[in-house]
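Presented as structure tokens, the chain that follows is alone, the form predicted on its own.
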Amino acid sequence: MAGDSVDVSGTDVGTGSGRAALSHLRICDFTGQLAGAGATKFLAAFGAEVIRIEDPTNEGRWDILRGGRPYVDERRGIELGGSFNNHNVEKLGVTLNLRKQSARDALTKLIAVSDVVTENFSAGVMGRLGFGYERLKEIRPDIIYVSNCGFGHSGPYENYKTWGPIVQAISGLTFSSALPDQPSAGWGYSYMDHTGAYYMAIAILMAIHHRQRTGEGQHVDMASTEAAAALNGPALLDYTVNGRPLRREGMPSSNRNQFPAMAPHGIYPAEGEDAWVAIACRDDGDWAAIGTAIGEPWTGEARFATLDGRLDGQNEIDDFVAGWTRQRTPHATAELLQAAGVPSSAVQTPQQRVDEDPNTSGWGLWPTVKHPEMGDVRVDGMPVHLSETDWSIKRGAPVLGQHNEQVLGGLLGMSSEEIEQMRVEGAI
């Protein structure tokens, strides 16, 4: 395992009680955007010492989110990107210009005292930088190298480059998100960047567990398109076993649940502008409860008493339900149906969920971090709590080269003269 943690004044990374779940790990991190940076953020929040490597010659822009919107105020600049800050909290930041031999030497020393090297470049980039897996094993035989790219490091698509929306489209996820007789809708954000980050974090932890048991490192090759394809399981099984394609009459319908079948099931309009409520009727008992709560004549029609009857008349039921939900606010409908034991919820806007939902503060999902340039900023927390070794997010993302002296000097033992010489020659 890694050596002594870096003593970073004013932070709690690598210091304190040592009870953080992953405080024994050090990660040399080349990840960017969200599919990679989100994975190492997860580990950093649980105490791993994540040392982020950036290129000083292009202001760290191998992560395109650095310096990008959203912003906290009218200021703009490479240190003021809201998304970058969100995905890189609790990490240390060093700059290394790997075109310079002194920077390559420093990186070699850092890898030698790290447990894991992580990246989400396109396939082959790390090799071209001179630090492919074979070279990493020469530096540290039990190193864990985790790469996460669109198509992985093998197969005919190996050299293709992707982004979250492309991964979603190729995998089939975008095709499944639609309404009948309408074009595929997809998502308005990179769903597979988020999900890819979770898969990558799991992959890192599996490799670490394997090494703890065997002492053996390995290359973990992850493909986000394959991770996305795995989310199509029910649709793939339905086609393989039953020969039913997803695009057929009445399908797909992103509002309806096939496995198991439910009716009514969907998002319905409510009183107000762009207001909606979600309702899921799981079985005949729920339907009876809906009828009691609503009290409308159509809920008592014999043809809708069974699931088969409701599925046959699903379009008509949806019209009935929508006519009823339009007369009240989303929360009023949800509260009424919840009281009857029926799953229902208002469709909340981000502002409503973050600022107005009491569960937000109750869970602690949006902690405030202190960023060197932006000040106090609220960021995404972790969607899980551990009773004994919970996560902690207090420090914002590093500015460029913020921890050069601490890492190069404190961890790697370089003298102040050596570090200054690297700065003079443009290596940091």
Partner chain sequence: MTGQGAPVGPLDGIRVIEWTDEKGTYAGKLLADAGADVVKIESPSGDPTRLYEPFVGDESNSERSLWFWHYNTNKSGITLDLEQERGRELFRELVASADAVVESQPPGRMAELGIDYADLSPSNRPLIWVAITPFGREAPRAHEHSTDLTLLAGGGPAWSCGYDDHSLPPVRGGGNQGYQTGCHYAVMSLLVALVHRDISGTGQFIDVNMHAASNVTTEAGSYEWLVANETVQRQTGRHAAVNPTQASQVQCADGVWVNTGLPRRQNQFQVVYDWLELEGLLEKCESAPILLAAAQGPPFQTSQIALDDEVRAKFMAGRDAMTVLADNLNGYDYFTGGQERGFQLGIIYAPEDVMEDPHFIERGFVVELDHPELDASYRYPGAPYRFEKTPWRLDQPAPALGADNEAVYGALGHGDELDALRERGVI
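Fair warning: this is a prediction, and the values are worked out from it, not measured in the lab. Residue numbers count along the first chain shown, from 1.
Beyond what is shown, the protein has a form predicted together with the partner chain; the following relates to that form.
The partner chain is not shown here, and in the predicted complex it never comes within 4.5 Å of any heavy atom of residue 301. In the predicted complex, no heavy atom of residue 329 sits within 4.5 Å of the partner chain. None of the heavy atoms of residue 57 is located within 4.5 Å of the partner chain in the predicted complex. The closest non-hydrogen atom of residue 365 lies within 4.5 Å of the partner chain in the predicted complex.
Comment: the partner chain is not present in this chain, but in the predicted complex one of 173, 126, 111, 317 has a heavy atom within 4.5 Å of it, namely 173.
Think of it this way: in the predicted complex, the partner chain has a heavy atom of just one of 136, 263, 342, 293 within 4.5 Å, and the residue is 342.
Of the candidate stretches 155 to 163, 88 to 96, 293 to 301, 317 to 325, only 155 to 163 has residues whose heavy atoms lie within 4.5 Å of the partner chain in the predicted complex.
Of the residues in 201 to 218, those that come within 4.5 Å of the partner chain in the predicted complex through at least one heavy atom are, in sequence order, 201, 202, 203, 205, 206, 207, 208, 209, 210, 212, 213, 216, 217, 218.
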